[in-house]
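Below, in structure tokens: the form predicted on its own, a single chain.
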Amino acid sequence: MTAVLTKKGEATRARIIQGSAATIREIGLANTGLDQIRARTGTSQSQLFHYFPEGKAELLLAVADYEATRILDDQRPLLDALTSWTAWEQWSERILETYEREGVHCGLSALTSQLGPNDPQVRAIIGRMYESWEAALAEGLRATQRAGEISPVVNPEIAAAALVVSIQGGIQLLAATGSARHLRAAVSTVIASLRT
């Protein structure tokens, strides 16, 4: 969207995106149509097409971008301050609490399983989110190495990728089983392995 919006217009557009994201998390993409979004956000059809002229496809891209940003923002400021084992424990507990609370309605599940992961534009959004996430974790690992709390032989980029995979895999099992047991086991095992 290239049009310059007023503050009120920006707020309306943000409300539509946030309401759409919440609806998709709750009832799934297949059950989410423009009627459900209009009811949830209190907007008319003309408003929807004013802010998203290309319709639902454009709106879903905005939702994907919103969810990707929210996933990282929910971890901050802890994600950007991983300099000690206390900080790592606080961050990992935040991750676990967030996904145990959100369960099958988490934004990461919505992103990876519902918002057309084969769509190149959605894939680019998800890819950027994972790259930012891994980069922040790798920087935290390097900072903890400099503090002498992680062995210098640990490769921060590989360890960061392993952490993200452990979280993603645990969330997929959480979505399938309703239990966060695998997520908690995966994250705690990867973090414990860094301490030894």
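What you see is a predicted model; the values in this text were computed from it and never measured. Heads up: residue numbers just count along the shown sequence, starting at 1.
Omitted here: the form predicted in complex with the DNA. The next part is about that form.
Trainee: Report the stretch among 143-151, 158-166, 125-133, 33-41 that approaches the DNA in the model of the complex to within 4.5 Å, counting heavy atoms only.
Mentor: It is the stretch 33-41.
Trainee: In the model of the complex, does Thr6 come within 4.5 Å of the DNA, counting heavy atoms only?
Mentor: Thr6: yes, in contact with the DNA in the model of the complex.
Trainee: Could you confirm whether Thr12 comes within 4.5 Å of the DNA in the model of the complex, counting heavy atoms only?
Mentor: So Thr12 counts as contacting the DNA.
Trainee: Considering non-hydrogen atoms and a 4.5 Å limit, does the DNA approach Tyr66 in the model of the complex?
Mentor: No.
Trainee: Is there a heavy atom of Arg70 no more than 4.5 Å from a heavy atom of the DNA in the model of the complex?
Mentor: Heavy-atom contact with the DNA at 4.5 Å: absent for Arg70.
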